[in-house]
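Below you will find one chain, with nothing else, as structure tokens; this is the form predicted on its own, and questions on how it binds or moves follow later.
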């Protein structure tokens, strides 16, 4: 199951980016569980490419801490430690505050329409909850927010910490069910109000608030001693 391509996507992804995104999705959806071995030859055959772009894609994912190379084994999927997850969320809380201050771009009517489409999708999710669809909607919301960031360095860090955080969302949604959809609807309602008012600074604070709520859910359902 793949994230649908945005209608407004400006440029097609490179082969490396396409392979990287697909592998990350499989990790986030636990299709590739911790310990799963990524075999370059098999992935190259699947994507009809040489091993070089596969190797480059895996190298990028390695920088996120979601895979590692082990002697005598190869490259395997790994889960972030509790400490690493906390570090990721601590960083996301700080990055969110910069969204409205570091070269933000002007909000357009297209941004508002994308936000409304996501809100409609989140409402539909309440009626028929699906964990994969929940992660997909979050992915598109993140893409919308990232597109509002004009600072390329901030945007890069925003994407990096997003994928690290997203590796935990599917697990939490499996435990909480439609409750996470309710939280997503609340977040998107706040985001849409800010979009309609053209208030990018508010969007940064809204993101920080809801990242904090998500952090609480992660702590409760994945990181606390009771969750073990």
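Positions refer to the first chain, counted from 1. Predicted model, so just to flag it, every value in this text is computed and none were measured.
Heads up, the form predicted in complex with the DNA isn't pictured, but that's what we're talking about next.
Practice prompt. Given that the partner is absent here, state which listed stretch (165-173, 64-72, 195-203, 179-187) has heavy atoms within 4.5 Å of the DNA in the predicted complex.
Written response: Only one stretch passes the 4.5 Å heavy-atom test: 64-72.
Practice prompt. Check, residue by residue, if 38, 49 and 53 all come within 4.5 Å of the DNA in the predicted complex, counting heavy atoms only.
Written response: Yes.
Worksheet entry | Exercise: residue 18 in contact with the DNA in the predicted complex, heavy atom 4.5 Å | Taking the distances in the predicted complex, the answer for residue 18 is no, it never comes within 4.5 Å of the DNA.
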